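Here you get one chain, nothing else, as C-alpha cells; it is the form predicted alone.
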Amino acid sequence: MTRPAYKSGLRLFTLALILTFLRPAPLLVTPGPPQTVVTQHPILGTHTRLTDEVEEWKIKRSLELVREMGAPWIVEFFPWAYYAAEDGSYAWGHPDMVVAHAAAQGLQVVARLGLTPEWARPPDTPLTYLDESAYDDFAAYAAAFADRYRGRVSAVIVGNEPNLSYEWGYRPTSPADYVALLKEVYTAVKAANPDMQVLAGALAPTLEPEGSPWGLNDLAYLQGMYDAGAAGYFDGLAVHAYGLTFPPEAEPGPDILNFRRVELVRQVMVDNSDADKDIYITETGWNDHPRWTLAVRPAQRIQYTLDALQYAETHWPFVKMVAIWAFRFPAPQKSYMDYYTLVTPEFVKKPIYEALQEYAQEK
C-alpha cells in the first residue's frame, strides 16, 4: 500500500471509530406502568395491524393512541406462518411485545390466527392455503398461543373470511371443511386454556351464490356451518360489517351489503337456537377515498361511523365489540385502503380519530 493510500485508509478507519462512539444508545422501550382506558362506550374497538410493525416504540405509540381514543378493544393478527417452525417450536418475540404493550395500555385483545407456514402446505400454494392435512398443526399453534397469553388475550378468531376462496388459498369454500378445522382448534384451545373464547369466522359479507369460484354468501355459509355441527365448537361469531355507500341505519336485505346485514346473520343464529352467543364485529367502517366508487365523503364517513356505534349500542345487545378497520398501517398502502385508517403511518391523527375520541367520552 502506498503512503497516500495508507493515510486515506487510516483517516476512514478513524472516522468510522469516532462515529461508532458518537452513535446514540439504542432506544429503550418498556411497556411502562399499567394504564386504564377511560370511555363511556366500551363497545368501541379497532383493528390495529401491528403484524408488520418492527419498531417497538411504534407499537407502543399505536396502542397508547388507541387507549387515548377511548377504545378498550383491539383486534390484531398473529400469523401462524410468521412464528412456527416445523419442529414445533415458536418464535414468540413479536407477539410477546404486542401483547405486553396492549396489556400495559389496559386493552382487551382479540387475536386473529391464520396464514400457513410453507412446511405445512403443498408446494406452490399461497400463504392462505390450509387443508385437513395441517389442521392438527394449526390447532397446536392455537393451543400454544392460548396457553401462553392466558389472562392477556380475550379471544382467538379461527382463520379469516373462510367463505371467500382467496382466504382458503383458492380452495372451494366449504362450510363443512371449515367446521372440521373449527372442531380441532376449539378442542385444543379449551384443553390448553378453558377461559379463552374461540370465535368462528370472521365471515365476509358477500352475495356470491352456491358454486361461485370466489366465495359463498355469508348467510348460506353460516347455515352450512350449523348443518355441519358447528354450534358446539365456538363461543362467539366474528363478522365483518362494512357500510360501503349506505348509511348505518339503512334497512338490511338478503340482496344488500350494508352495516345492518349483521341482523340477518343474527337471525341465522337465532333460527339455529344459538342466540346465547355474542357477535364480535371485528372489521367495520366506511372509506373516504376521493375516487373509489364505494367510498363516501370524509364528513359522511365520520357521521356514519358515529351513528353506527350508537345504533349497535342501542339496538344490538348481542354485539360485544365493534372494531373499526383499520387504526393505522406501518407504511402507506398507496391504495384506497389508506382511506380506512384513523391515524397515518407518521402518527398524524385524522379528523375521524378526534371525533371518535370525543364520542368515547360522551354519555
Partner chain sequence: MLRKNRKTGRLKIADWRVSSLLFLLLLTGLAACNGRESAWPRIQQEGVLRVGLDPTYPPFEVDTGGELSGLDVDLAQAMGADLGLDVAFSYFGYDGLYDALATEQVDVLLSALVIDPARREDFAYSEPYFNAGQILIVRQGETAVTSMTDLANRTLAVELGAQSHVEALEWSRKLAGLTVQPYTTPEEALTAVLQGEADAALVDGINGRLFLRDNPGLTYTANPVTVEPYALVVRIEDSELLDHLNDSLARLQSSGELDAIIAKWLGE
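Numbering follows the first chain given and starts at 1. Because the structure is predicted, anything quoted here is derived from the model rather than measured.
The protein also exists as the form predicted together with the partner chain; that form is not presented, and the subsequent description refers to it.
Candidate site formed by D235, Y242 and V319: none of these residues places a non-hydrogen atom within 4.5 angstroms of the partner chain in the model of the complex. Taking the partner from elsewhere, G70 is found to have every heavy atom lying beyond 4.5 Å of the partner chain in the model of the complex. Using a 4.5 Å cutoff between non-hydrogen atoms, Y311 does not count as a contact of the partner chain in the model of the complex. Contact between P345 and the partner chain in the model of the complex is not found at the 4.5 Å heavy atom cutoff.
A residue is said to contact a partner when one of its heavy atoms sits within 4.5 Å of a partner heavy atom; E184 fails this definition for the partner chain in the model of the complex, lying far away. Interface residue among V38, V29, V54, A299 relative to the partner chain in the model of the complex, by the heavy atom within 4.5 Å criterion: A299. This chain is displayed alone, yet in the model of the complex one of W92, W119, Y170, W292 has a heavy atom within 4.5 Å of the partner chain; that residue is W292. The partner is not drawn, yet in the model of the complex one stretch among 184 to 192, 199 to 207, 98 to 106, 282 to 290 has residues with heavy atoms inside 4.5 Å of the partner chain: 282 to 290.
Residues are counted as partner-facing when one of their heavy atoms sits within 4.5 Å of the partner chain in the model of the complex; in 321 to 350 these are K334, Y336, V348, K350, in sequence order.
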